[in-house]
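Okay, here we've got a single chain as structure tokens, the form predicted alone, with questions on binding and movement later.
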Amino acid sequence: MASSLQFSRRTFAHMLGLGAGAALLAPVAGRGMEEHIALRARGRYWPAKLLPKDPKNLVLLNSNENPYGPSPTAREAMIEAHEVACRYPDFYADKLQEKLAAFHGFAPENVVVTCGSTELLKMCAAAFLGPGKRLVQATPTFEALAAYARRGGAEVVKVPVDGDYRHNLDALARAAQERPGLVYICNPNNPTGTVVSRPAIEKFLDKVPRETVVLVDEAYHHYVEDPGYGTLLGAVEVGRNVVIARTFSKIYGMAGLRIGYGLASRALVKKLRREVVFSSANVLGCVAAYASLEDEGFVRQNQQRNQDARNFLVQSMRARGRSVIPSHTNFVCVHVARPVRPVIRAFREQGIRVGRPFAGLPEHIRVSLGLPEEMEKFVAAFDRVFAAATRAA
């Protein structure tokens, strides 16, 4: 669906409505990569490795980020957009909304642009829940929506995943019969990495009360290789009570830019817009997201990188007698056969940060997929951690 046009300076200037804006942007866009690197070396740019949340050189495999970052096309767009960073983002969010609608084959009224997909989750809690309403979701799953629901006075019902760590759709449908409100399906699921098929979810939609809204979080959909998996865009197209959450944080490598969006019927989007934070998007994120949609080659490249890293990690763990939950994401849950908190601390001491403990996974660590050298460091640290644990026993 995406256009094959390049997101060039001319396209960007046209998007901004600057006319002669290309000349205004030229001094920034004309700088070569070498000059930008030199500026960083002289301290003109904030060093990317000196993150406030972690010491320098700590390997971050804890937040399911894409270590490769945005595409070169998106980076160029952001450099150009510094010239208009003084402006509020509404115009650029509107342009991104139009682009996303065309990309998916919908009208702009079916799309809402948000500050990461997490803002969309909060908007859904505000729009469709409240006292007397019920949120039904799996456990374990992404936890933000449940927190927002409780703050709004809604009841939260957690349904354990099945023996294969997948959503138990029959049990979720039964739980949704009382005090209809919102059902949350994270597919692929975080933190298990598992998927449920599109036909199974479509049957599930027929089992929940008509007034119930089903929020399908597809943050990791680009990574799925299972042929039975499919997006729920078709349910939106026919007007079902479905909201689809998407993000630029994962395959597009833009977690720090906070750009997400929702797709739903016009009626549902109208309700969601009442809950949006004014001007919650940002100019750099909007133009980077706009540019990224054009870059199908970058998506395919990241899919292959992710597949390679996942295969390496899974094979390494199985060679060491460890089982993993089959993953369709950019992370893998590894069974360590012991309580996870001491294991997490041990990896931190080795300079590796892995995911936090999760309900229902008392003996699994969630490991995000990083650069090849980072995965090698993880495996080496794994051997040291468990060799030390064996000696201690």
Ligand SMILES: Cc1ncc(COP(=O)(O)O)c(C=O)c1O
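Residues carry their position along the shown sequence, with the first being 1. Here the structure is a predicted model, which is why all the values come from computation and not from measurement.
From this point on, the text means the form predicted together with the ligand, which you will not see here.
Asker: Hey, in the predicted bound form, does T194 get a heavy atom within 4.5 angstroms of the ligand?
Answerer: Contact check for T194: no, nothing within 4.5 Å of the ligand in the predicted bound form.
Asker: Whether Q137 contacts the ligand in the predicted bound form should be assessed with a 4.5 Å heavy atom distance threshold; does it?
Answerer: Q137 lies outside the contact set for the ligand.
Asker: In the predicted bound form, does G116 have a heavy atom within 4.5 Å of the ligand?
Answerer: Yes, G116 lies within 4.5 Å of the ligand in the predicted bound form.
Asker: Would you please decide whether K250 lies within 4.5 angstroms of the ligand in the predicted bound form, comparing each non-hydrogen atom pair?
Answerer: Because a heavy atom of K250 falls inside 4.5 Å of the ligand in the predicted bound form, the answer is yes.
Asker: Give a yes or no on whether every one of Q303, R305 and C333 sits within 4.5 angstroms of the ligand in the predicted bound form by heavy atom.
Answerer: No, none of the three is in contact.
Asker: Out of 196-204, 71-79, 265-273, 182-190, where are the residues with a heavy atom within 4.5 Å of the ligand in the predicted bound form?
Answerer: Selected stretch: 182-190.
Asker: Report the residue, out of F106, F142, F298, Y148, that has at least one non-hydrogen atom within 4.5 angstroms of the ligand in the predicted bound form.
Answerer: Spelling it out, the residue with a heavy atom inside the cut-off is F142.
Asker: Just to be sure I understand the contacts: of R258, H222, K122, R240, which is the one whose heavy atoms reach within 4.5 angstroms of the ligand in the predicted bound form?
Answerer: Contact check passes for R258.
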